[in-house]
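Next up: just one chain, as structure tokens, the form predicted alone.
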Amino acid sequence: MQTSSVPLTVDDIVRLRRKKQTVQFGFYFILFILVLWSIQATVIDDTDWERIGSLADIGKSVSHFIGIDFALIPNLLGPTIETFMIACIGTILGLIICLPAMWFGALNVTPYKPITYPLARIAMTLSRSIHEIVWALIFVSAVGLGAFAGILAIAVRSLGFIAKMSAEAIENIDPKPVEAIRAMGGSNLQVMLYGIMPQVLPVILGIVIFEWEINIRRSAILGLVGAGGLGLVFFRQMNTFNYPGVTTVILAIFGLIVVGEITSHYSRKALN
């Protein structure tokens, strides 16, 4: 039995359009009020305006950082290399510990969906939810000061991003090669090596390179909590009120990040 729909009149269309506009206006108005309330609560009420002072006081404070401590430059080579190596080794270690997580976290290849899939997803979420500084504090208390704590913090922090993006790439593969290998009696390992990895390997390498670039930035600040590298030098310069030295360390960090950006760009370009 067919039901005939009553066509909308012009008045009905106008009324529906006005109703939609009213709902949109109400939504944006509430959003605007929430933004104003957030600014009032987090910026205006929570800021010590008397301590900030006038624009002249701000300019005077900023002027302390103008200049370069040339005597500090020779002492930055070792920490710069250490920062770079923390990022490299931490990323490689993160990739290694990511392998089970990306396998278990892909819904189409996980060994036992009720257990392995949720465990992998929880590990990814936990890794991303905790800041690398917090991870560094945890590992500094566990293994002591130095680069090793920074490497472990970078590795654990990398798990969430690399495993999540790689697992999603595995879930989006073409299933035909996998089905063909399984139809020929191939094992799960053979399916992974010959049916899945050839499809996702370029994607995973691109993800790892991108994460390595981010880890250079992360490793540059982990020294603030005793995890070695340029961050530790930065912390010492701040403690001794050597403001030109602080600027010098910031420039070294900037230069290292630029090197990472260039390397990452051309590495990912070579994969395409």
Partner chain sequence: MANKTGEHNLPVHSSVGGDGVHREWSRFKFPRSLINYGILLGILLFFSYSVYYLNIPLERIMGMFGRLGDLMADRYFPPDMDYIVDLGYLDAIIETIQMAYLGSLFGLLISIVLGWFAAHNVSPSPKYIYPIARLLTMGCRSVHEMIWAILFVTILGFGLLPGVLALTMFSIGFSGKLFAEEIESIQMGQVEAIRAMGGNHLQVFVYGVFPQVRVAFTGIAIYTWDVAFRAATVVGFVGAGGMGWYLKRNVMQIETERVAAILISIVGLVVISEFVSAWARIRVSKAK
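The shown structure was predicted, so the numbers you read here are calculated from the model rather than taken from an experiment. Residue numbers count along the first chain shown, from 1.
There is another form of the same protein, the form predicted in complex with the partner chain; it is not shown, and what comes next is about it.
- You can rule out all but one of 121 to 129, 186 to 194, 168 to 176, 105 to 113: in the predicted bound form, only 121 to 129 has residues with a heavy atom within 4.5 Å of the partner chain.
- Contact with the partner chain in the predicted bound form, judged by any heavy atom within 4.5 Å, is made by just one of 200, 95, 101, 152: 152.
- Contact check for residue 68: every heavy atom lies farther than 4.5 Å from the partner chain in the predicted bound form.
- Taking non-hydrogen atoms only, residue 117 never approaches the partner chain to within 4.5 angstroms in the predicted bound form.
- In the predicted bound form, the partner chain lies within 4.5 Å of some heavy atom of residue 38.
- Taking non-hydrogen atoms only, residue 240 never approaches the partner chain to within 4.5 angstroms in the predicted bound form.
- Annotation for 126 to 144: interface residues with the partner chain in the predicted bound form are 126, 128, 129, 130, 131, 132, 133, 134, 137, 138, 139, 141, 142, 143, 144 [heavy atom within 4.5 Å].
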